[in-house]
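First structure 1, then structure 2: two forms of the same chain, each alone, as structure tokens.
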Structure 1
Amino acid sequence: MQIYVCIKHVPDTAVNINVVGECGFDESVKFVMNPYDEYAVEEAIQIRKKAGGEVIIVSVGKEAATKTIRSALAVGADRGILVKTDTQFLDSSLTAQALTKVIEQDGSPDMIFTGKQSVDSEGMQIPYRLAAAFDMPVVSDVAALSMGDGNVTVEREIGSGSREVIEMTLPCVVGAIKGLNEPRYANMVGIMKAKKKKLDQIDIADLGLDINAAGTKLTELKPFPERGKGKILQGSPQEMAEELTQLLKNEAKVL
């Protein structure tokens, strides 16, 4: 099995984002692997353990993304490829094109994993675009997966506590969500080993992408104001409950 996992290097969810200029932000904050991608990496490693083969990490990002690729190598992925860009917010079509190109040049995927979305630009479409480019079936929002013979059965969350059980033939694309597995932590040995694993870098300009395919452009990024300190109610539970009911009805008008 040749399994590709597409991951993104993103700001840690705990940091504040300070907007700089028209559509940039202060990138000196801590960056981590996109949280959903951790489930994708873990699943790929578990499948390789049973079926054999290779797990290859692919990322489109700035040079600093090598750190996130190394963290995937540290938990057991075999090698990595970084497509270097100079922006954190590349158009999704271009990102998918870049991923497709490098994967095509590298080998022939039996499975491609991604997270369901990145937590920075929240595009939610890479798995679908990869599937179209490779002409493979795709399911995203996958919370359970089991391998069959030439196929894979996944459970997709569809809301209200319900799930669709979907069978796909291989090769295919899977978008992971929390719940799919419990991602492992890297240990010292893993981290040491990761330093020696192969990590290729390719400049996006050398891929010959169709730049005109970019149909979206971020034109402005603004901080979203936090709400202030609210009205704190006093009294017994009954008194507070009654006051709240009146406030929600008459002041906030949401009941």
Structure 2
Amino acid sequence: MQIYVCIKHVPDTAVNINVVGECGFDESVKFVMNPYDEYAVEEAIQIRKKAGGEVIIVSVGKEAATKTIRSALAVGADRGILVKTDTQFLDSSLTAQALTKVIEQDGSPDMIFTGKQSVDSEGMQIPYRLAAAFDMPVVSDVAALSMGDGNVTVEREIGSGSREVIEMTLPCVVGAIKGLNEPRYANMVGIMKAKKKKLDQIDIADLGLDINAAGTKLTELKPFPERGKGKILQGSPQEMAEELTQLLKNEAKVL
């Protein structure tokens, strides 16, 4: 099987992001693999172990994203491909087109894995755009997966603790979420092997895409406002209700 996993190089959610200019931020912060993508990588490796084939990691991003691709190779993926861009926030349509072009040029996918969304731009479009481009069935928010007789059966989170059970034929696209599996950690042997694994780099300009045809454009980044301190109300229930009403009216201005 040829299993492609689309991952993204994103700022660690634990770091403080400092906005620079209108649309940039201080990129000296720690970057990691998009957390949802970790589950996609692990599931692909587990499937390869059972069914054979290879796991190919594909990413669209700056050259620094090679570090994140290497981290996927270190836990067991076979090779990687980076589509180089000069921006962190590439339009979802162009990202999907770039991923599609690269995968088409590289091979014939039996499965394509992604995370359900990226934690920086949170577009939540890539699984569906890839499925449309390859004319494949797609399910996102996948929390359980099994295979048999050319079919894939998945359980999809739909909220309130409920799940849908869906069966798809191969090839297909799967968007992973936390709980699908337990991602493994890279050991020293895996890290050393990853340095020797093939990692191709392709400039997005060489894919024949119209870079200026983006459907969306980032116009401004703003830091999230700090939350105000909470207030503890005291007194009788009536006194607290009256004070709360005044706070909502005069400070929060929601009444």
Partner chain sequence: MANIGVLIETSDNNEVKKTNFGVITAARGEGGNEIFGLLINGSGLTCKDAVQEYGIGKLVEISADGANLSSNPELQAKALAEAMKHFEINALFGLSSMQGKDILARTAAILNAPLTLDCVGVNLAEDTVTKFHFAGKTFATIKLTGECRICGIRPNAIEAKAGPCEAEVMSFQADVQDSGRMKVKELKKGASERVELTEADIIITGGRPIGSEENFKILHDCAEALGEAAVGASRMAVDSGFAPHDMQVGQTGKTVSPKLYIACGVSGAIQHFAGMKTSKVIVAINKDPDAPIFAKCDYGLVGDMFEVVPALTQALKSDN
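Here the rigid core means the biggest group of C-alpha atoms that line up within 1.5 Å when the two forms are laid on top of each other. These numbers were taken from a predicted model, which means no experiment stands behind them. Shifts are known only where both forms have a C-alpha. For numbering, take structure 1's sequence and count from 1.
Asks: Between the two structures, is it 1 or 2 that corresponds to the form predicted together with the partner chain?
Replies: It is structure 1; that copy is the form predicted together with the partner chain.
Asks: Of 210, 122, 215, 229, which marks the hinge as one rigid part swings against the other between the two structures?
Replies: Considering the domain motion between the two structures, the hinge residue is 229.
Asks: Please report the angle, in degrees, through which the smaller rigid segment swings against the bigger one between the two structures.
Replies: When the larger parts are aligned, the smaller part is off by a rotation of 49 degrees.
Asks: How much does the C-alpha of residue 233 shift between the two structures, in angstrom, given a rigid core superposition?
Replies: Comparing the two forms, residue 233 shifts 6.7 Å at C-alpha.
Asks: Could you point out the stretches of 3 or more consecutive residues whose C-alpha atoms all move by 2 Å or more between the two structures when the rigid core is superposed?
Replies: Runs shifting 2 Å or more: 210 to 213, 228 to 255.
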